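One chain comes next, on its own, written out as structure tokens in the form predicted alone.
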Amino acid sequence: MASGQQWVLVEMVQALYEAPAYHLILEGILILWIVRLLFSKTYKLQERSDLTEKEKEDLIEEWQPEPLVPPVSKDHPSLNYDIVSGPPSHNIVVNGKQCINFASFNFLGLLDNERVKQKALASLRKYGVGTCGPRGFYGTFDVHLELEDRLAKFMRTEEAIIYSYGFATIASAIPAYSKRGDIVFVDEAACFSIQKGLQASRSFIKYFKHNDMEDLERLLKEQEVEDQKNPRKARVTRRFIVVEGLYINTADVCPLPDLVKLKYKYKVRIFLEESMSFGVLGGRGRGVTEHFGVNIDDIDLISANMENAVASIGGFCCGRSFVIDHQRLSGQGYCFSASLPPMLAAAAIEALNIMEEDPDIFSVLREKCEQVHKALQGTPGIKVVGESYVPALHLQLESSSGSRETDVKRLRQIVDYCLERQIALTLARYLDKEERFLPPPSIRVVVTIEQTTEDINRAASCIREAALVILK
């Protein structure tokens, strides 16, 4: 054993003599570097001189922390809001002044309806104020299941699911289905809740020009070519078209029949956001599918909030059962938010009862919309934006000053002028730095069935007078 160890040692010495000089130098440097690392300190104390107390105080006084948020002007509209006291129904009290309401999305006048209020009160006495838990943790009440059943029957779909927050409905539904690597084709005018849903999905987003079916088909053809280059990837990539039925930012309607044709031609799925069109369009208020006579089964998912025509809170999605059931496991707003307060679910059920019992209210609303649209035509310096049959129009400046801030101030002056004369209007508000395609500044004029011909003529006259005074 000892002779064997001696022989190995001899071989090592012999190899050392035979090795090239550069090899020995390199090994020597590596050995020295390892020794240095083993015995050197891992850090070096910075040399500094001790400061006096006065020097420390001076440095502390001079130091300015980085702001957590960018500076905001005190004149920003979001910091100077109008205060409402009482229900925002036909007559609304704003800043202590009673006005005619042309600002709230109470399209069918159900917010202050006596039947709806009585149902909500009865539910409040039975269930209490809130739920204190999401649907999966003792937050599912019998009234929730009843509302989901009623919504599914009203929309003539297999199943519906309700959310406790309208904004979170489509923002939760999109990422429940569309994931990283999937492709979503979206209208440029899509509302902010859709944009947030797309952001959460982390999918590949392709925007097409507003209501431009040629531009959408161009994008679909380009994608088809890309899919042919990589068929293996194409087989596992899902494709969606996401649109609004009635666009809140442009007050016009999507060309749904053309979208359905493109769906079947290019094998994509359609998600339809109907918060503004549910309870508004169609002979019985079922939305844009009924408005165009499109089979609702041609739409893969419909979502809407219950905060406009239904005058409650929350939102819902409806469609085939296997599609809706997936949200019960993957819809973030459904799984993690406290469920809808039972009294608001009861109010929504009664609102649906009224909509089913009296479908004439949708014809009345349409007539009011056309009346308002006609009355506002010819307002000096103002352009009326939106279809004649939609209940939320936009008033934009015909000629921009070139500064968005200046345009907003001028429109705000018109709103204030009307408010002083007991006509309540509102500016359309946007998160300027967050919007993917920022709409131009506008005043939003909302139509409800409670507004009389006298109210409409008075409001139109007041807006015309304000435009003459402020935009001269």
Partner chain sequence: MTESSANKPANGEVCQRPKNGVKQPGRNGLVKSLHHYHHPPQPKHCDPEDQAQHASHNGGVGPYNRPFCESFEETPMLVAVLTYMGYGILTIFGYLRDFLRDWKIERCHIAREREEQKDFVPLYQDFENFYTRNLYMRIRDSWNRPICSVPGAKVDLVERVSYDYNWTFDYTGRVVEGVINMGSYNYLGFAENTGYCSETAALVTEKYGVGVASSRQEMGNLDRHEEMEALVARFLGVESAMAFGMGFATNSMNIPALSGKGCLILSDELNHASLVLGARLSGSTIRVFKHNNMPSLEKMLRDAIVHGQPRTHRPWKKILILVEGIYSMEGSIVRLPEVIALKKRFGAYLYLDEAHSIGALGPGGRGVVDYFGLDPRDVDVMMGTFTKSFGAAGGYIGGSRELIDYLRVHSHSAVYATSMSPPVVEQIITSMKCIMGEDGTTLGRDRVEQLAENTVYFRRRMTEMGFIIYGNCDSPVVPMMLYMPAKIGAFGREMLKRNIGVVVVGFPATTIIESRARFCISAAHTKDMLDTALCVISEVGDLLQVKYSRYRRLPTLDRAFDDSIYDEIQD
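Numbering follows the first chain given and starts at 1. We call the rigid core the largest set of C-alpha positions that still match within 1.5 Å between the two forms. Only a predicted model underlies this, so the values are computations on that prediction, with no experimental measurement involved.
Another form exists, predicted in complex with its partner chain; not displayed. Remarks below refer to it.
Of the stretches 342-350, 364-372, 378-386, 203-211, only 342-350 has residues with a heavy atom within 4.5 Å of its partner chain in the model of the complex. The closest heavy atom approach of Lys267 to its partner chain in the model of the complex falls within 4.5 Å. Contact between Leu37 and its partner chain in the model of the complex is not found at the 4.5 Å heavy atom cutoff.
Residue contact check for Ser85: one or more of its heavy atoms lie within 4.5 Å of its partner chain in the model of the complex. Mapping the unseen interface onto this chain, Val294 falls outside it, with no heavy atom inside 4.5 Å of its partner chain in the model of the complex. Not one of Phe278, Ile354 and Ala467 places a heavy atom within 4.5 Å of its partner chain in the model of the complex. In summary, among the residues Asp252, Glu217, Asp258, Asp298, the only one with a non-hydrogen atom within 4.5 Å of its partner chain in the model of the complex is Asp298. Checking Ile194, Val184, Ala311, Ile162 for any heavy atom within 4.5 Å of its partner chain in the model of the complex turns up a single hit: Ala311. Contacts with its partner chain in the model of the complex, taken as any heavy atom within 4.5 Å, map within 118-141 to Ala120, Leu121, Leu124, Arg125, Lys126, Tyr127, Gly128, Val129, Gly130, Thr131, Cys132, Gly133, Pro134, Arg135, Gly136, Phe137, Tyr138, Thr140, Phe141. Taking the rigid core as fixed, one finds a CA shift for Arg429 smaller than 2 Å between the shown form and the other one.
Taking the rigid core as fixed, one finds a CA shift for Glu57 of 2 Å or more between the shown form and the other one. Comparing the forms between the shown form and the other one on their rigid core, the Cα displacement of Pro71 reaches 2 Å or more.
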